[in-house]
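Before any questions on how it binds or moves, here is one chain, the form predicted on its own, in structure tokens.
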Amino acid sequence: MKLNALERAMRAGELGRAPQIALEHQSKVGEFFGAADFVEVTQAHVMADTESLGESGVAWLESLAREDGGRARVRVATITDPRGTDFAKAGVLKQAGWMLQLERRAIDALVRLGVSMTDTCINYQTIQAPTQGESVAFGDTGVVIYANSVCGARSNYEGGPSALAAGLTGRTPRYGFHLDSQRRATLRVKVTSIPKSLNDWGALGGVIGRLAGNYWAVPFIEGLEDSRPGSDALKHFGAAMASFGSVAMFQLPGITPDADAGKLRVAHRVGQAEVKALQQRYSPDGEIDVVVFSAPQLSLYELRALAELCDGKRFVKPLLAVTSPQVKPDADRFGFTRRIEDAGGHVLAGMCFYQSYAREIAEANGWKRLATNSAKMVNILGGYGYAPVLASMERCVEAAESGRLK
């Protein structure tokens, strides 16, 4: 890879051992993907949940924080994806002490490196959304697809070490979605039914993700021009597309920047039948054990809608609503948290349900059948031993009240 003067200094260790380690790692990634050089980034977003890191990963973070006499620091704004716990609610989840201790060690190491512990997968709604053409190094799949598609920014899926390396060097290899050639539409899809609810948007994203089927595909999706989806709808739509198909970018004419189908012909038509088929795969009626709203974390508007549904109800099954540390204080201030918890629910902050040792907490709490309005989450949780159910927010709240999904 071609290096400029600053990058050569980093590689030579002139700026410290930590950026040297980071650039060595990034060079290997860049060479693997055929990158010609590096692109400067303005932000990095690190996935570093301890369920994925494990003991060895946390130890590596700690060793990196000790480099250069403990003076190693990130060069650009670097933030974090959700953690594996909300320490204030760990008892609700019945998380073990060793889980919490591992979290504290990881947090301490990241803080020493100058990382801001934002603990969110909705940084585009809460911290600072990237702008069109801005090059960033983001990790979470839902964050990347939203940044590339809705914001018009440029990012690949950066693994945890790669995103942290980008924070330490202020650059990332120039390949994939940093290139104009990769951002062109590759698949044209015609949608014939407009989603009505967030779970519908997620299910539609899941269907299109399966049709696209790979990371390098860029679906051009027509038929939604008059739907005017808001940020939450696009959040669920993109997160599910990424989950079901590893897609990192989509185009919606009249909605997302630079949408252009070129000479592509319509390859697939997706209507209500296809969306319903995906939903029915995850929608058997019957008893449920827990209701979870998470993945992506809830916005303030989603919490407001949930609070309205909780008024006057009393839950017989646990209901968990997961949001970001940035949204939670406003939810408290506006009374949304109190209204949800008065009904017997719990509002958690800074974590993600499936990154919180989901298998272990299922065993500790006796949870099997989980209801949610997140298509992304039902696609993931089967691998953790759950029997997930996809339903609207309204039906999920009713299930928490009655103990059954009807």
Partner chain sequence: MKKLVFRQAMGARVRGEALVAHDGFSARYDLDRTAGKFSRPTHKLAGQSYAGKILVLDTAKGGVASAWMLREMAARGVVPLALVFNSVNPILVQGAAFADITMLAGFDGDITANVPHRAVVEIDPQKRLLRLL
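Numbering follows the first chain given and starts at 1. The shown structure was predicted, so the numbers you read here are calculated from the model rather than taken from an experiment.
Here the subject shifts to the form predicted in complex with the partner chain, a form of this protein not shown in this document.
A.B. asks: Within 4.5 Å, heavy atoms only, which of 299, 118, 251, 243 is in contact with the partner chain in the predicted bound form?
C.D. replies: Looking at 299, 118, 251, 243 one by one, just 243 meets the 4.5 Å heavy-atom criterion.
A.B. asks: Look at the stretches 36 to 44, 372 to 380, 333 to 341, 65 to 73 and give the one with heavy atoms within 4.5 Å of the partner chain in the predicted bound form.
C.D. replies: Contact criterion met by 372 to 380 only.
A.B. asks: Residue 162 near the partner chain in the predicted bound form, any heavy atom under 4.5 Å?
C.D. replies: Yes, residue 162 is a contact residue.
A.B. asks: Does at least one non-hydrogen atom of residue 87 fall within 4.5 angstroms of the partner chain in the predicted bound form?
C.D. replies: Answer no; every heavy atom of residue 87 is more than 4.5 Å from the partner chain in the predicted bound form.
A.B. asks: Is residue 139 close enough to touch the partner chain in the predicted bound form, meaning at least one heavy atom pair within 4.5 Å?
C.D. replies: Yes, residue 139 sits close enough to the partner chain in the predicted bound form that at least one of its heavy atoms falls within 4.5 Å.
A.B. asks: Find out whether any non-hydrogen atom of residue 354 is located within 4.5 angstroms of the partner chain in the predicted bound form, and reply yes or no.
C.D. replies: Contact check for residue 354: yes, within 4.5 Å of the partner chain in the predicted bound form.
A.B. asks: So in the predicted bound form, are 25, 281 and 384 all sitting within 4.5 Å of the partner chain, heavy atoms only?
C.D. replies: Yes, each of 25, 281 and 384 comes within 4.5 Å of the partner chain in the predicted bound form.
A.B. asks: Can you tell me which residues in 27 to 50 come within 4.5 angstroms of the partner chain in the predicted bound form, by heavy atoms?
C.D. replies: Heavy-atom contacts to the partner chain in the predicted bound form: 28, 29, 32, 33, 47, 48, 49.
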